[in-house]
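Starting off, we have a lone chain in the form predicted alone, written out as structure tokens.
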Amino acid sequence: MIRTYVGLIIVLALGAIVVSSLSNYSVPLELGSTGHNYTQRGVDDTGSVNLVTAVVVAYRGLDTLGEVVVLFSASTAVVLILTLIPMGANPTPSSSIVSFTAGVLPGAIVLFGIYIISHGHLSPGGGFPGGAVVASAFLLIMLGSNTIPGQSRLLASIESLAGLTFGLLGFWGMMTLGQFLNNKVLPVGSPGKLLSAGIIPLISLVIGAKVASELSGVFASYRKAGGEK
């Protein structure tokens, strides 16, 4: 009972802090100098009509590199924990609905994920959300099957190759134009076209492959930890 009261008091206190903070918050009516510069020069500099993608993989490419490293570290930690401390629970049979869905939808899900990745410089999307969508197809297949994934090294190979390619694309810009992940090492083309924005589509592709393989590897590790004797 005391624990319940203490938790309630903490929640109410945090709620009061949030409400008091929001009461003094005002939305800026104009962009700052950095945001204004992105909106005015972004399309001309990168050829990407999606300025969010342009900022993530071009202007702030080093930040994206850090995010990729964080994702790699997190997935590696999960796999190591599941390897050292197996769950010891056998997989339960999937329902008929899940089994049917797993046999029908994965192809469409993967196609949609590829679309999100390949059109990240034209519309909302890119490598991170597209890779997560592709990985969800792998998860659906895994949930619809009673078998345990084998010891295939395909996912690890894709992950390593994607990470290496990402670094090489970054150093390509550094060696030729003096900037890490400078997308103008390839012609930017006509904004709004599929083949445009320099190497931004390639960057989205390798990020998508890395995210999809890492998340799929985590899913496979959970299944192995739960089902292997």
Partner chain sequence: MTAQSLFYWSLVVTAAGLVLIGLWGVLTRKNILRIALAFTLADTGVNLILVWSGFLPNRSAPIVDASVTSMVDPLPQALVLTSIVIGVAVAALFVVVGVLASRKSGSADVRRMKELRW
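Positions refer to the first chain, counted from 1. Not measured: the values here are computed from a predicted model.
Just so you know, the form predicted together with its partner chain exists too; it's not on screen, but the next bit is about it.
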So in the predicted complex, does Ile141 come within 4.5 Å of its partner chain, heavy atom to heavy atom? no
Taking heavy atoms and a 4.5 Å cut-off, does Leu164 contact its partner chain in the predicted complex? no
Tell me, yes or no, whether Ser99 is in contact with its partner chain in the predicted complex, where a contact means a heavy atom of each within 4.5 Å. no
Please check if Ser123 has a heavy atom lying within 4.5 Å of any heavy atom of its partner chain in the predicted complex. yes
Quick check for you: of 172-180, 32-40, 156-164, 197-205, which stretch puts a non-hydrogen atom within 4.5 Å of its partner chain in the predicted complex? 32-40
Along 13-38, which positions have a non-hydrogen atom within 4.5 Å of its partner chain in the predicted complex? Leu14, Gly15, Val18, Leu22, Tyr25, Val27, Pro28, Leu29, Glu30, Leu31, Thr34, Gly35, Tyr38
